[in-house]
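Just one chain is shown here, as structure tokens, and it is the form predicted alone.
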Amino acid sequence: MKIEEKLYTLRYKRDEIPHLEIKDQMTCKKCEETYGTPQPCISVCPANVYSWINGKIVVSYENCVECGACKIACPFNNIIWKYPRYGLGIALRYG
């Protein structure tokens, strides 16, 4: 099963409060200079939550599958990662 097919089995209940946050955009710029594009957080995210647009990381937290890989991959510990509030976030459709 491809990753896109697996992601289709997820259901989202969007939280109005983002559970992902970038601490400092300048640190992301430093990461881009050091590691190039795509940055580690963009490379490891299976749900394409992060994108690099006009010199800034844009976070589409609504699509997050809550795996936590981005926080681990960030070499500068620049991502604030929390679980969504109770009852919100992802749910498995078939399980």
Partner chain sequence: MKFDVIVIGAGPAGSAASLLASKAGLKVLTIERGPEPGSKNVSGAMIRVSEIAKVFDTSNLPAEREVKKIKLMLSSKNGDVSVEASPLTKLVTVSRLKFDKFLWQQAENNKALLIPKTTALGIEKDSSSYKVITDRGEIEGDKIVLAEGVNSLLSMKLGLRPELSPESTVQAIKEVYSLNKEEVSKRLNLSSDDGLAWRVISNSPVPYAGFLYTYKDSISVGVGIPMQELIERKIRPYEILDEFEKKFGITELVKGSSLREYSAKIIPEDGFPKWRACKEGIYAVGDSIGLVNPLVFNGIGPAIISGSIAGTAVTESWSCQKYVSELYNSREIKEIAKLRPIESEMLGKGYLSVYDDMITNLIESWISGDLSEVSQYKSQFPSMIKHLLMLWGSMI
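Numbering follows the first chain given and starts at 1. Since this is a predicted model, take the numbers as computed values, not measurements. For clarity, a rigid core is taken as the largest C-alpha set superposing within 1.5 Å between two forms.
Keep in mind that the form predicted in complex with the partner chain is missing from the display, and what follows is about it.
Taking non-hydrogen atoms only, residue 43 approaches the partner chain to within 4.5 angstroms in the model of the complex. At a distance threshold of 4.5 angstroms between non-hydrogen atoms, residue 22 is out of contact with the partner chain in the model of the complex. In the model of the complex, no heavy atom of residue 76 sits within 4.5 Å of the partner chain. Contact annotation for residue 57: none of its heavy atoms lies within 4.5 Å of the partner chain in the model of the complex. Along 41-70, these residues reach a heavy atom to within 4.5 Å of the partner chain in the model of the complex: 42, 43, 44, 45, 46, 48, 65, 66, 67, 68, 69. Relative to the superposed core, residue 25 shifts its CA atom by less than 2 Å between this form and the one not shown. Superposition on the rigid core between this form and the one not shown places the CA atom of residue 7 2 Å or more away from its counterpart.
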